[in-house]
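Before any questions on binding or motion, here is one chain by itself as structure tokens, the form predicted on its own.
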């Protein structure tokens, strides 16, 4: 059974009934108590009416993956009662609204049921129908504060901070919190066996989602142009970028914005705007998800072949087609690595947390400029939209953007004939110029067949010279992208490979497997293309598990294609139902493979 500062609880409500504020209040209060905490919002893609769940994990050891077990469920949605009861771990608790008779399906052996008349209390204490509906969530937050021993002084301070200028709202929320807290305290033994005790483990941390931190990273990277078309789960990235630009990129004297943010008519247009701005010299990006990447393919190929820098944030969700827009997955790996038709390969970065979304944003813009090519940041819904506890972000004010081989007016002054795609230094990267800088530079791009001078051609040798240089450039990029992260132990039995949002679950799984006597080395892929250390890790282990969140083992295929490691020599651990990965999935898969049957 879980104990002090080591448990998980879940709120099961109806989408559109205002539970988000109560859930955020609970998590923030726990964080302010100095206790490591993370939240997972599992919500439907419609506006309201369908089930929504919010899971909060408290971990004194700092684990941030989705919990494998739920110790307490607050069930307020009759349509999910059966699932809610089934999700409670043996010995756990169920909290329901006793304003109505106890439903038979709520009774389960080994689960302690606690009823509180949330609805009746709201009817008795509030007049407006809206208050009676929305404040039911605040009442359950008060009850949980009693059951879990959440510091009420912190809760009160948070209400003051949020509603100090809105007395009516403050009074209503304060009343609702106390209603739930007093009822639980007066009618049940509080706190529960698992509960909270003050710690000091969050003072150097923040709570943030990946889309917000990626947007902040783009600002620090010097991005001034954003083009987008709304799509879940990436929309909040551009919303955050807009907010930051209004705050930090607005001239205080004139009030004019020093940025350009455009909502295009579709994803293809958004890609074209970002690429056009990149050609003109701006640091530009677009953010989207899998369906948007599909629509952008033609422009991606244009940018690759004409060698124009642009950054693409792909906040992955389930597919194919519309799929499940509000569920997470890692199913765009191959489409990003080889996006567009013809021979194309692209730089892809794989952040594992909001913290890395921030730090990888400047990397992405630097790599795009340096290698004059599209660069993808492959996040996902779990990272992008959920609440993560991360180390406080820092920044080096000495940072200077790497603009790569970009010729100035002085450089161009002495140029007699500008050859846009001439590899003068033998590293695969040609020098570029920006339009309008000098008359000796380039003023157009050519997506059709061209030679090293940028002139139209259908000559086989001239064409191959250009695309072979692009391959050399890509090979060089493998040595400049973020290196893999390694976790090694003595006498490792196996090797585990993964990337992105799987990282938190794997770190926890490594500890659990070690307790079972299984020692595992772990390599987290941070970028594509792969350099030598990736193949060396694969060759160093007789048994390799590749953990990823898609059906078709795309990471395993990518490793096989690019390193030559036989695909079937690597064992896939696949979890693709749309929920964030848990440590239990990894541990179960590895132990089942290593333990002989019978």
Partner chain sequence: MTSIAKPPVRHPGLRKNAIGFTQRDYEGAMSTLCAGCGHDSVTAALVQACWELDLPPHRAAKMSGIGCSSKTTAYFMKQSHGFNSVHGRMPSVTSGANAANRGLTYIGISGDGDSLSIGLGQLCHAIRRNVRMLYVIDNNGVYGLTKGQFSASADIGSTSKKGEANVQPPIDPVLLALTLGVTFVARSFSGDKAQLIPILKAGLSHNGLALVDIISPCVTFNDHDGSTKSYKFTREHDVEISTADFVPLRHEIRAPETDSAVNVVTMHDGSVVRFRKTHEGYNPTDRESAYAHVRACQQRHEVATGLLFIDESGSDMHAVSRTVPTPLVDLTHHELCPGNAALQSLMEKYR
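Positions refer to the first chain, counted from 1. Fair warning: this is a prediction, and the values are worked out from it, not measured in the lab. The term rigid core refers to the maximal set of C-alpha atoms that superpose within 1.5 Å between the two forms.
The next section is about a form of this same protein that is not shown, the form predicted together with the partner chain.
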| property | result |
| --- | --- |
| Option touching the partner chain, based on a heavy atom within 4.5 Å in the model of the complex, out of 254, 414, 186, 460 | 254 |
| Single option in 338, 486, 170, 456 placed near the partner chain in the model of the complex, where near means a heavy atom within 4.5 Å | 456 |
| Per-stretch contact check against the partner chain in the model of the complex, the hit in 423 to 431, 313 to 321, 209 to 217, 500 to 508 (non-hydrogen atom, 4.5 angstroms) | 209 to 217 |
| Contact flag, residue 475 vs the partner chain in the model of the complex, heavy atom cut 4.5 Å | no |
| Close approach of residue 392 to the partner chain in the model of the complex, 4.5 Å, heavy atom | yes |
| Contact test in the model of the complex: residue 446 vs the partner chain, heavy atoms, 4.5 Å | yes |
| Distance check, residue 438 to the partner chain in the model of the complex, heavy atom within 4.5 Å | yes |
| The partner chain in the model of the complex: contacted by all of 205, 244 and 399, heavy atom 4.5 Å | yes |
| Sequence-ordered list of residues in 282 to 313 near the partner chain in the model of the complex, where near means a heavy atom within 4.5 Å | 282, 298, 299, 302, 308 |
| Rigid core superposition, residue 264 Cα moves 2 angstroms or more between the shown form and the other one | no |
| Core superposition between the shown form and the other one, C-alpha change of residue 466 at least 2 Å | no |
| Yes/no, residue 443 Cα shift of 2 Å or more between the shown form and the other one with rigid core fixed | yes |
| Direction of Cα pair change residue 443-residue 424 in the model of the complex, magnitude 3 angstroms or more | closer |
